[in-house]
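First, one chain by itself: the form predicted on its own, in structure tokens.
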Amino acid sequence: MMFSKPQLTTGEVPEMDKNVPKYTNTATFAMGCFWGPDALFGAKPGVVRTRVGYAGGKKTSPTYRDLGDHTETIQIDYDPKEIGYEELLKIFLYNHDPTYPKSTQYRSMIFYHDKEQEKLAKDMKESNSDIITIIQPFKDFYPAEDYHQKYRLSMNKPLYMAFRDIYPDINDFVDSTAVTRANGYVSGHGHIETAEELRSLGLNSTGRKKLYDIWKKISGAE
């Protein structure tokens, strides 16, 4: 389906995507519905890309309509030189309720990728005795359907389709750091001083103003 939209990007690969770090680490969390965390983490400096999917269960090839024993999960690739795993854990801890039991689909879980992540996650849990978060080694991650990826951005069709014009392949779209940031900003997350700061996202002046105005309204920034 085509959407009527103004021209909001330069039409070229964003500068932010031309300068992604060569090496990244991965963090995998489950903290309720994955749309919110996708936007929350996506706005953080140091986060390179995010994707939503299903993990924690034994069912092969789960889908949203047939999750089996899996949980909605957010996976984050990040630059450890800019943001540490401890900071990501703090964002995880303070942006959902890890003390209240929920259905399998919305459980609070941490999937550690190495010994350091395991230690930091378990230390966090021991320091917060009321947390019931499940901590287990990472095994499998099944990407969610395309319409779940960068969902908050998809709610703004002009901006969404402008970025899809640059990245018609859904995998390139999901992996884009610029798209990851935009998905966070349209939810009011992050910090933006001026619309001009958005230049590296590949937006033209019209697109930058549009995204900045959305961010400013939702974030309540003065």
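Quick caveat: nothing in here was measured; it's all calculated off a predicted structure. A residue's number is simply how far along the shown sequence it sits, counting from 1.
Keep in mind that the form predicted together with a small molecule is not shown, yet the notes after this line are about it.
- Although the partner is absent from this view, C33 contacts the small molecule in the predicted bound form, with a non-hydrogen atom inside 4.5 angstroms.
- When the small molecule is considered in the predicted bound form, Y142 lies well away from it, no heavy atom lying within 4.5 Å.
- Shown alone here, R107 lies farther than 4.5 Å from the small molecule in the predicted bound form, counting heavy atoms only.
- The shortest heavy atom separation between H96 and the small molecule in the predicted bound form exceeds 4.5 Å.
- Proximity to the small molecule in the predicted bound form, taken as heavy atoms within 4.5 Å, picks out 34-42 from the listed stretches 172-180, 34-42, 185-193, 154-162.
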